[in-house]
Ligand SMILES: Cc1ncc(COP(=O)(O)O)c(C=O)c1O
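First, one chain by itself in structure tokens, the form predicted alone.
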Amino acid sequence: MWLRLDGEGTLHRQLYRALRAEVLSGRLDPGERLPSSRILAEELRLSRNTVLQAVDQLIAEGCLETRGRSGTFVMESLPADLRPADLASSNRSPARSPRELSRFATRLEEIVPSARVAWFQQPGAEIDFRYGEPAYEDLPLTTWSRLVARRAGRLSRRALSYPHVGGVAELREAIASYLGRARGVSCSPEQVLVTAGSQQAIDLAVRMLVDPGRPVVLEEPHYFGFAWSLAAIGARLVPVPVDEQGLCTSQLPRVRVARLACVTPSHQFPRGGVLPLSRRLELLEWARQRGAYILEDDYDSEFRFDVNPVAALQMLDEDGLVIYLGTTSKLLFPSLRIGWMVLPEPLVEPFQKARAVTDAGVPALEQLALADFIEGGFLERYLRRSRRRHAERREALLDALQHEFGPRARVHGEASGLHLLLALEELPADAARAFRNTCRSRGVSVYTANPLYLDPPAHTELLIGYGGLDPAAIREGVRRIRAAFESQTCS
């Protein structure tokens, strides 16, 4: 097959457009088998990762499908919005041709493939090791519903009006008090900015602190939400490696200029290291000398099982360098969409102004109910119960991995949080897509961690979330993953 790349944008986007055009024009027949990724890479002089990225996006859009070990094929029936006739019709109508988008939108198209966004929405298999899912049966929903109903029944005129852009006063006070008790964070309620989840907080901080082309320190590997927001504004990403203790701060002196460092010190995402005191002090000193801020994402540090949770980095900050982030997505449930930032005092007013441009704030009813949930002691009681149950899930997962894989798999980050990283060094990275499909055919959804690297490893790594599964499902799921692994590595 002969393909011509158009030279616009990244190579995987060029290849995606070329393959898509072949499918929609009918030059590739429905049901036709594509050459293997290795052959395509050799013919086009591209890396196999580039080919796999393009193919993955076309699979997510419904243009292509994989059939086990048989290979990748053009779909027999294209989705209605992608049929060639529809494409031809749109080409005949100049009024429907796409208009030029901003550089920001173009960068988004390059860095956030549809397949990655669909990661959050696609239904999982029978046993789903999706990261970030809570154990819904553990949630105190009766208490939560009662608090919401009580607040709804006595809403004042003031509560029905636009909330303060920083968040309702009751919630900001409750968050400041809770963070002081649970995380060692020192702040006043006025320093708390309530956001629609931590991703909005990340995006706001990045927009406020980083100009296009400016360098930003990013853990390698890293949380994809950092990378998306940074790349979207055109920041220059400077990866700093992590090890079993988190960010390798000994590598920071080589970063002579930076505006921001994005870190997860209490539970490095995704490898799970906990940054020790000596490295925390080195990170703060580096930021002080460089005139940089530190964005601390404290997303799930309450869940630590072998020892007590480590206090937040913000507790050590005496110079107003740390912007602290938290979220209810892991503490309670993702759809609540409430997060928070704790800002150094000089940043409070500028960030509130920027927030006012973005939106008018998180819905007040949910904020008031969450304030009651925290102030009534319900959150901390729930977290104590939840830790015990998650500890059981964690033990079941570790025991199952040891039993099924033994030394053939390496586990990282099992001491805390609600996920761990599983390294399968016998499984090449370019076999990860077929492995995922094999697992799904066996009723298990798994998720590769390789996209969380700027420079991915040569082997496959899995991000195993276990917070939403009971021990029996965990054990059965690991058994099925091992069976898929055996079929892949022995073929």
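Start at 1 with the first residue shown and count on from there. Quantities reported herein were computed from a predicted structural model and do not represent experimental measurements.
From this point on, the text means the form predicted in complex with the ligand, which you will not see here.
- None of 129 to 137, 160 to 168, 360 to 368, 234 to 242 except one has non-hydrogen atoms within 4.5 angstroms of the ligand in the model of the complex; the exception is 129 to 137.
- Only one of Phe373, Tyr293, Phe351, Tyr223 comes within 4.5 Å of the ligand in the model of the complex through a heavy atom, and that residue is Tyr223.
- When you look in the model of the complex, the only residue of Ser329, Gln251, Ser186, Thr143 with a non-hydrogen atom within 4.5 Å of the ligand is Ser329.
- Within 4.5 Å of some heavy atom of the ligand in the model of the complex lies at least one heavy atom of Gly197.
- For Tyr324, no non-hydrogen atom is located within 4.5 Å of the ligand in the model of the complex, even though that partner is not displayed.
- Among heavy atoms of Arg304, none comes within 4.5 Å of the ligand in the model of the complex.
- Put simply, Asp297 is close to the ligand in the model of the complex: some heavy atom of it is within 4.5 Å.
- Along 267 to 288, a single residue, Phe269, places a heavy atom within 4.5 Å of the ligand in the model of the complex.
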